[in-house]
Structure formats: structure tokens, C-alpha cells
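Shown below, as C-alpha cells, is a lone chain in the form predicted on its own; questions about how it binds or moves come after it.
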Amino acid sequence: MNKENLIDILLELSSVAGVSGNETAALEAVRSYFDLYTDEVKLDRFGNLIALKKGEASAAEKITVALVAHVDEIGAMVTKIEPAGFLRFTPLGGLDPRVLPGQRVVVHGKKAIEGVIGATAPHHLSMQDREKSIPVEKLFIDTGYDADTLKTITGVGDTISFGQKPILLKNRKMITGKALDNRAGIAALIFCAAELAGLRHQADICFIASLQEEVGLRGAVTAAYGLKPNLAVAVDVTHGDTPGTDDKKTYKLGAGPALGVGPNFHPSLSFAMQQIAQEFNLSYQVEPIPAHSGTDAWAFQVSREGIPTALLSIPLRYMHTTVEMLCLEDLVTGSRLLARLAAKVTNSYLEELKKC
């Protein structure tokens, strides 16, 4: 696989809908790629997609490495159909009310219908109200349908995704769009699976597209418990360098993935990933995280009696908006780092990690 293939994958994955609790369409898109590069693809009881690429180790020396990225995206849910035909909604995940007015959306009812998030025009607001962020409860979705027609198509509880299409920038080096948190992580797993086709590896590699991370790491909790891998790496996004933000809390786009260090991660595994990056001349950054990382890494670390876990994050600007932006080279580098780690893991390698 080359970068152009990765671009096509990410454009598709960003476009498809997969709001927390309604990830079916996104999972179908993801599955079509893992079918190409792994030996077995299934859904577990919770609904997480698990793709297995078998290693060369004997049954007696079997090792399992879990590489996990969440497939869900932030969105909303219908709470009411107003008599005039407007839809009220509530967030699913960390929606920022500041960016909602004027957004195109898709309501996923009995059929998908398009709409826009409207709000009172500034002409009808006081000067004081114009300077305030509009709370979600005062926003509404306008589909153009009347209430009676809407009730035959959609209803309370239906999910709502954003309608923004991804685009390439800077001579195809950058991509911007919705749901790159965390379809970027999913794309990295797919690229890693393709890379492993050219590498020998002893460990069984389980690629996991986890559900409902944006509402509480739920899929990762069940996947970690069910698989009980020998070690795990979560792949997610972190805050990219942006004007007006603290540069000590952001990471430069184009400088490589960020590798987490801190109590949420196994110190030897985090250090090993840095060593692998240096060995293969792969650029990386170090991200100190002093507490709960807020990622699937937390769920894996504390599952059962504990699983050695690391975190690889892709720097991303404008997180939880419809114009999230990343550098494709960071994604390629992160994917190759994951593949090199997976190819190194043997029983003796695990024992060496324990000694550190």
C-alpha cells in the first residue's frame, strides 16, 4: 500500500456516517479493507470489529497483540419534532455548540434525510446575545419537511451525523473533514495490516475497530476483556499545533505521531516504541499524559489483571469540528511504526519488556 491508497481510504472513511451507537455503515466500510489484509474478520458480542492476522508462533507459544482504534464519531440524537417541522436534538459525544449553527447534517431515520442546523438570525438578537455562544437547546435542524411527513421518516432517538465532505489540501499532503477523530486511527490500522503482509511476525495481530469511545470507551472495555491480549496499542488523535493554543499542549503536524508517556501506559512498551522509531528512522514526538488519557488505552490498561498498553496519536487540528485536519505523512509514519512493533513481538521480547 502507498500513500495514494491511504488517501482514498481516509476520504471514504471520513465520508461515511458512524455516530456512537449507530456505527453500522462505518463498520461495513472498514470491514471491506480488513477482508483484504487479514485472515479472519468478525464482530464480537458488543459489536466491535476484530480482524485477525495470524502469526507464525506455535499454539504453545501463542502471543496476541491488540491494535485498537475507535470507529465512532461525535454527532447528535433527535429529541423532539416541533409542530412547525423543526427537529430538536442533543449531543452524542463532545459537540462544541460554537461550531454548530450553519452545519449540514444527515438525520438517520427510516431513510437518511439531509438538513441544516439553524438558529435565530443575528438581526433578531440583541447586541448582548450576538456575542454569546448559542446553547444546543436553542438550536434546531431544518430539513424542509413538515412535522407530519417527518414523523413518518424519523423520530426521537434517531442519530444525526454531519454532512461535511473531506477535502485534500497543500498538494495532497493534508486532509480536512469530519470524523478524522478517529477514522485516522482506523486508516492507520488498515495501512499497518497491509505493511505486515511484507513482514514476518510471530504474534497474532488483532486489529480492533472499537465502538462508542466518544461516549465512554465502551467498546474497548468489552474488547479488552474478551481478547485478553499480551499487549495493546491504542491509536487515536491528539491536539495539533493551532494559533492561539499553548504549544506545550499541542503537537506539530508533519513531525510524526505522538507517543504517550505517563501512568496510563506501560513504561517499557512506550520506551520500546521510541526505540523502534529511532531504529527505522521514523519521526515521532513524545506526549506526556499525567493521568487518564481519555482514550481506549485506559480501558485496555485496566482490563482484567492489567494489560501492558501504549498510545500512538496522530496530531489533529480543530478536534471535534467538521474540519478536523491532519498531515498524511504522520499517518503513514505511525502505521509503519505499528507494523515494526508488531513484527518484533515474541515471547522473549515480552520477557525483555518485563525486565525494564
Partner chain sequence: MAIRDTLKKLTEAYGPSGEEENVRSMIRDMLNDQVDQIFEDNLGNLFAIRKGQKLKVMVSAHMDEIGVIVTHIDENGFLRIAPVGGISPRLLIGQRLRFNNELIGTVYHEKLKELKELDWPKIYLDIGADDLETAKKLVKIGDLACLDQPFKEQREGRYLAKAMDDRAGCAILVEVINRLPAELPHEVCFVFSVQEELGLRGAKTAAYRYEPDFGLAVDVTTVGDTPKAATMEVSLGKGPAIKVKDNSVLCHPLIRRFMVDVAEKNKIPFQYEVLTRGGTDAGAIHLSREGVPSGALSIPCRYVHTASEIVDKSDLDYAVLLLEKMLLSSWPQMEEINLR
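Since we're looking at a predicted model, the values are computed, not measured. Numbering follows the first chain given and starts at 1.
Another form, the form predicted in complex with the partner chain, is not on view; read the next lines as being about it.
Chemist: Please pick, from 144, 102, 157, 122, the one residue with any non-hydrogen atom lying within 4.5 angstroms of the partner chain in the predicted complex.
Modeler: Checking each option against the partner chain in the predicted complex, the one that comes within 4.5 Å is 157.
Chemist: So which of 77, 261, 174, 106 gets a non-hydrogen atom within 4.5 Å of the partner chain in the predicted complex?
Modeler: The residue from 77, 261, 174, 106 that makes the contact is 77.
Chemist: Is residue 88 part of the interface with the partner chain in the predicted complex - any heavy atom within 4.5 Å?
Modeler: Yes.
Chemist: Heavy atom to heavy atom, is residue 46 within 4.5 Å of the partner chain in the predicted complex?
Modeler: Residue 46: contacts the partner chain in the predicted complex.
Chemist: Considering only heavy atoms, tell me if residue 222 and the partner chain come within 4.5 Å of each other in the predicted complex.
Modeler: Answer yes; at least one heavy atom of residue 222 falls within 4.5 Å of the partner chain in the predicted complex.
Chemist: Is residue 14 close enough to the partner chain in the predicted complex to count, meaning some heavy atom within 4.5 Å?
Modeler: Contact with the partner chain, no.
Chemist: Where does the partner chain sit in the predicted complex: which of 224-232, 182-190, 241-249, 277-285, heavy atoms within 4.5 Å?
Modeler: That would be 224-232.
Chemist: For a quick check, can you give me the residues of 253-280 that have a heavy atom within 4.5 Å of the partner chain in the predicted complex?
Modeler: Nothing in this stretch is in contact.
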